[in-house]
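First comes one chain, alone, set out as structure tokens in the form predicted on its own.
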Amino acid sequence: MENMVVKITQIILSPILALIVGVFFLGLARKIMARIHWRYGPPLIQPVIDMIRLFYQKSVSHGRMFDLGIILSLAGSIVVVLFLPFGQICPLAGSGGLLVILYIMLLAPLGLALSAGQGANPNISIGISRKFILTLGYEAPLLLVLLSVMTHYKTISIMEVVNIQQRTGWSIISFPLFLSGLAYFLILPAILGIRPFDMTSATQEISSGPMVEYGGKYLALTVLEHALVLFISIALFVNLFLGGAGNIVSFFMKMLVVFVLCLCINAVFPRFRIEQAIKYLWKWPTLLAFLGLITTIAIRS
């Protein structure tokens, strides 16, 4: 009975903590980018203020799928959060492996595409097509990275990967997985959708793409979904290559360092065209991930 109560508490607590961290990172990103541009910037709680304001605004729906798609996207991200160790919190640690996480991560862009597609706006179609092409670009090296990790540790459980690293050291500083960790970091901006991979929602080109028809509570829900995706992408990197953490504070600090490094990339590089993004993703990250997998197999065989 006590274990059941703990499990239920973790299931409720994990998505809440993920949302808090993700929303904080959204506010921090705007603040850091403003300081880089020699501006003061909005307060850290600006995303919270915006969401409260949006939930009180009038919303217009374009159909049932417009409503259900964003719910599917949010639900998929929440389920992924339950599989990810956050310190020592991992409600579904024994219920799936890394490949399950990879598959469920696809629900977020799929749900957004189904929802936004009901808007029948040309900018939406362009944004969705770019999103799927970009997803195809980073999924290939991401799969190779996960295969390298699973081969090296001989397990598909992310919790076991974290536990082994806490005994033997971080993956990122070990020879077999250094290349895989570098490949993951190179595709991380693409997963997060920040420059130079922000062509999906390029405001100057396609008026925010899939989000152009969202308003009110729908736009607020997309902000929450973005916060969850941000948390998932960075938390997965920390768990796979930085040894996770024994507590929430240490885990958050590792996530913060990785996020700030990604913001530095965001501040320096201009936006890629979609063909440039695919050429980059299928060149260096994929090559490094493939070499990492071959090296891992050679060492383990």
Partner chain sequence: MDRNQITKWLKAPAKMANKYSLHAIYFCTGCGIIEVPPVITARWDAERFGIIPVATPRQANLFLITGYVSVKTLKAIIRTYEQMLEPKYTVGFGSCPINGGMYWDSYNTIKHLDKYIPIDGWIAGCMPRPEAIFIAVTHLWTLIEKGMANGYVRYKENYEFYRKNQEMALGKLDWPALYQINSDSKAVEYE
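Residue numbers count along the first chain shown, from 1. Predicted, not measured: the structure shown is a model, and the values here were computed from it.
Keep in mind the form predicted together with its partner chain is missing from the figure; the text below concerns it.
Among the residues 122, 216, 169, 87, the one placing a heavy atom within 4.5 Å of its partner chain in the predicted complex is 216. Distance criterion of 4.5 Å from any heavy atom to its partner chain in the predicted complex singles out 212 from the list 212, 107, 113, 93. For its partner chain in the predicted complex, the listed stretch (250 to 258, 269 to 277, 236 to 244, 58 to 66) containing residues with heavy atoms inside 4.5 Å is 58 to 66. Interface membership of residue 157, defined by any non-hydrogen atom within 4.5 Å of its partner chain in the predicted complex, is ruled out.
The closest heavy atom approach of residue 203 to its partner chain in the predicted complex falls within 4.5 Å. Within 4.5 Å of any heavy atom of its partner chain in the predicted complex lies no heavy atom of residue 264. Remark: residue 49 counts among the residues lining its partner chain in the predicted complex, judged by a heavy atom distance of 4.5 Å or less. Heavy atoms of every residue among 30, 42 and 208 are located within 4.5 Å of its partner chain in the predicted complex. In this stretch, 244 to 261, not one residue has a heavy atom within 4.5 Å of its partner chain in the predicted complex; the partner itself is omitted from this view.
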